[in-house]
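We begin with a single chain expressed as structure tokens, specifically the form predicted on its own.
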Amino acid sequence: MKRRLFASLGAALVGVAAVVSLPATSQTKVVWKASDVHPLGYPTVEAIVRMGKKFETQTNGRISIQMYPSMQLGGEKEMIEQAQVGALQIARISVGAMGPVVDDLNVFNLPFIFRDEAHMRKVIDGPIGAELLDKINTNPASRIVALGWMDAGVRNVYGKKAVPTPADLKGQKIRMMGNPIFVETMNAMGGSGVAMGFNELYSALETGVVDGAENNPPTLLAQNHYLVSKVYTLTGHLIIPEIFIFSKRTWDALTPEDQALLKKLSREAQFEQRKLWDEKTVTAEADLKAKGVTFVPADKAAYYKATQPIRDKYGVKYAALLKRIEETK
């Protein structure tokens, strides 16, 4: 994987100068690279593919987007790094992976801060969502432009056994995204959180390096994790939005007109992805059940109580923001 990633990165860097050294003009044809860990057809991937088609149409073929799905260019950490140097233009990144880049985003990484998915959408569509995107864009250290939000549903625990209560998670090694908040959240829930790259997870589940993981139904299906994890417990501990980002290096080379078009089409992609997401969630749940995955209810009140120390520990510096999130109707 590393050898392939370095080869891809090296090849991409050869073309970086051509992509970013000059503003896109009517005489310049460019192909932006986009990447995602998920396969073609997955809502986040499909939304960017559709955005690319609109771009190609509205610029008369001058700008197009080539999608590299299924971790072809590495995991989320690698995609952020490639976007920062201009070797990749567009990437869909979980807020979990972006938290270490812009600290304020960690407010969305706290367990049980949203009442439900509808509440989360109200927050990211409103002033709070706009402010957090702006913090990414104005942070010189980020070296990326946040184009918009995407939906990633509700995350639940899956593995070989049901974990309806925190006591049931005792002794279970559960893969979490590489952010200390997530690892500590799983520890508080009763399990043992293991930080691990998404590209390593299937093998880890198959070989027993971890006992389980946590994610949404479309991911459980799309990544074939259901083949080695047949029990899906509805803990609902996290509802984390996702961000699609753009290379700041490429952005700075665009004309104001192309920047405006990118913003417009990105906003459309945000809401198109949501429609695709809702449809995919329904079909994914049905497919998983048909493939033998058991959906198990969980004692959410017990899990909420167990994770209170995480909100107390990390929520102090986000107190004002958490209050605004709670008050969002």
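What you see is a predicted model, and the numbers here were worked out from it, not measured in a lab. All residue numbers are counted from 1 along the displayed sequence.
Separately, the form predicted in complex with ligand GTR exists; it is not shown, and the next lines address it.
The closest heavy atom approach of R249 to ligand GTR in the predicted bound form falls outside 4.5 Å. In the predicted bound form, at least one heavy atom of V37 sits within 4.5 Å of ligand GTR. Interface residue remark: N216 is counted as part of the site for ligand GTR in the predicted bound form, having a heavy atom within 4.5 Å. Heavy atoms of M177 reach within 4.5 Å of ligand GTR in the predicted bound form, making it an interface residue. Listed stretches are 165-173, 216-224, 253-261, 137-145; the contact stretch with ligand GTR in the predicted bound form is 216-224, by a heavy atom cutoff of 4.5 Å. Of the residues given (N109, Q84, N187, S94), S94 alone sits with a heavy atom within 4.5 Å of ligand GTR in the predicted bound form. By the 4.5 Å heavy atom rule, the three marked residues E76, R155 and E242 all count as contacting ligand GTR in the predicted bound form.
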